[in-house]
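As structure tokens, one chain now follows by itself in the form predicted alone.
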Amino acid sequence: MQHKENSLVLIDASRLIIEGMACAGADSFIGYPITPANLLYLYASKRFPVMLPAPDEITTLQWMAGLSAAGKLPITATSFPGFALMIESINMAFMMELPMVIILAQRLGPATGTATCGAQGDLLLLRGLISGGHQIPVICLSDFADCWNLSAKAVHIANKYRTPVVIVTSKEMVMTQRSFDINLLEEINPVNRKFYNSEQAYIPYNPENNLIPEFLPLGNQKHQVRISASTHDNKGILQHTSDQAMENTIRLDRKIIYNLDEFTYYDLIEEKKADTIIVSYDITAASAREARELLKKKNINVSLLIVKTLIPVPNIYYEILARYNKIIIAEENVNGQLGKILFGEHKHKNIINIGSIGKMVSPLEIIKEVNV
């Protein structure tokens, strides 16, 4: 994105997300239009060298898998009804260790819900996305700067760790235009795509010390490449429950956890002597930031944690939260999904959830709980 000094523009997050990912090296978009992800689809159709309009969301992920296996870095954008159709193919891509990014613009559910009403109701689905309880990186955007920076980082994560990555956002973020100074945007470095380059036979799932196997696209002229979505050994040969196949299946989970520190993102503002911390993410982070500022003007000090790496949960979050006697978690759902991911079904009395349905959480709702 080119910009001049003091350059204010009227822009929406969808444009920033697509531009950020394109600058990072994403080179293809496959999609089926769905509200509230339509602007992402529109901008991608004008920005990427390869854009394929798929007949449905199942086909979308299948085509993405084919492009990824051939050495492309594909992305797509959808909302829950489309994402639900993608789940089997996301599991397939996870098992085959194919890099790709799926943008999930949340809206009110269940089922088709209300297409033009925002929500933050898909977190528990994302935590249980992969059969066997394995986890894929889920990165959440909390402001317009994140839409640029973290969208680019998601492309890097997918490429480096050979995995699908989900970017979580919401209707209010991707469809709202606002005045924004694009001078605030950092320079994005494109991914450095490194493919296997050796005279020795290529073993597609032979991990290095970081538990990540080197990648080689289909169609190269030197080596056979075998990619499998079924339980397989290091050579990609279908197995049942052989020792090597089980080790490989376990590695898929450990690969993400082992490298988690390298893609842990969050904002933390800690106030001295604060007894309370507000925790939030996505669009509700704006309310949390405003609530903290309003409280500070009244000489009420609270700390603030905006979580951006949602899954897996980084250990640093627990280290931060352990310093506080009162934890307020604000999110736009009625069942405290982030709270459940962090603390399980049974929460201690010092953990308070602020939820909402059909409307955004306001700063005043957060302030009320701080003052209780």
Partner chain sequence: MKNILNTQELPFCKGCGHDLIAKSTAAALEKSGCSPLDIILVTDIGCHGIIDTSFNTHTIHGLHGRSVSLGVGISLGLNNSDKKVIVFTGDGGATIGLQHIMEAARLNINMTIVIHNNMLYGMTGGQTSGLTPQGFNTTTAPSGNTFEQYDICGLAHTAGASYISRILGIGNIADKLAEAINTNGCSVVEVIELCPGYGMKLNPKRKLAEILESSGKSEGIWTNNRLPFAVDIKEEPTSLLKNLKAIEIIDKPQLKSSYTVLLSGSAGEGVQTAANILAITAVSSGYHVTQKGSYPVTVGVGFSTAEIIISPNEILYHGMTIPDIAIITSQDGLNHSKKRINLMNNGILMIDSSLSAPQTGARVYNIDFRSIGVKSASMFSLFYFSEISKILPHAAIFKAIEQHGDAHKIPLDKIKEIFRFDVL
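Predicted model, so just to flag it, every value in this text is computed and none were measured. Positions refer to the first chain, counted from 1.
What comes next is about the form predicted together with its partner chain, which is not displayed.
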Handout entry: Non-hydrogen atom within 4.5 angstroms of its partner chain in the predicted bound form for each of 80, 203 and 276
Key = no
Handout entry: Segment that reaches its partner chain in the predicted bound form - one of 310 to 318, 323 to 331, 342 to 350, 53 to 61, heavy atoms within 4.5 Å
Key = 53 to 61
Problem - its partner chain contact in the predicted bound form: residue 178, any heavy atom under 4.5 Å - result: yes
Exercise for the section: Would you please decide whether residue 94 lies within 4.5 angstroms of its partner chain in the predicted bound form, comparing each non-hydrogen atom pair? Expected result: no
Practice task
Answer yes if any heavy atom of residue 269 is within 4.5 Å of a heavy atom of its partner chain in the predicted bound form; otherwise answer no.
Solution key: no
Exercise for the section: Spell out, yes or no, whether the shortest heavy atom distance between residue 290 and its partner chain in the predicted bound form is within 4.5 Å. Expected result: yes
Exercise for the section: Would you kindly say which of 119, 166, 283, 155 lies with a heavy atom within 4.5 Å of its partner chain in the predicted bound form? Expected result: 283
Fill in the blank from the handout: Partner-free chain; cross-checking its partner chain in the predicted bound form, the single residue of 246, 145, 125, 238 with a heavy atom within 4.5 Å is 238
Exercise for the section: Let me know which residues along 11 to 33 have a heavy atom within 4.5 Å of its partner chain in the predicted bound form, or say none if there are none. Expected result: 11, 15, 16, 18, 19
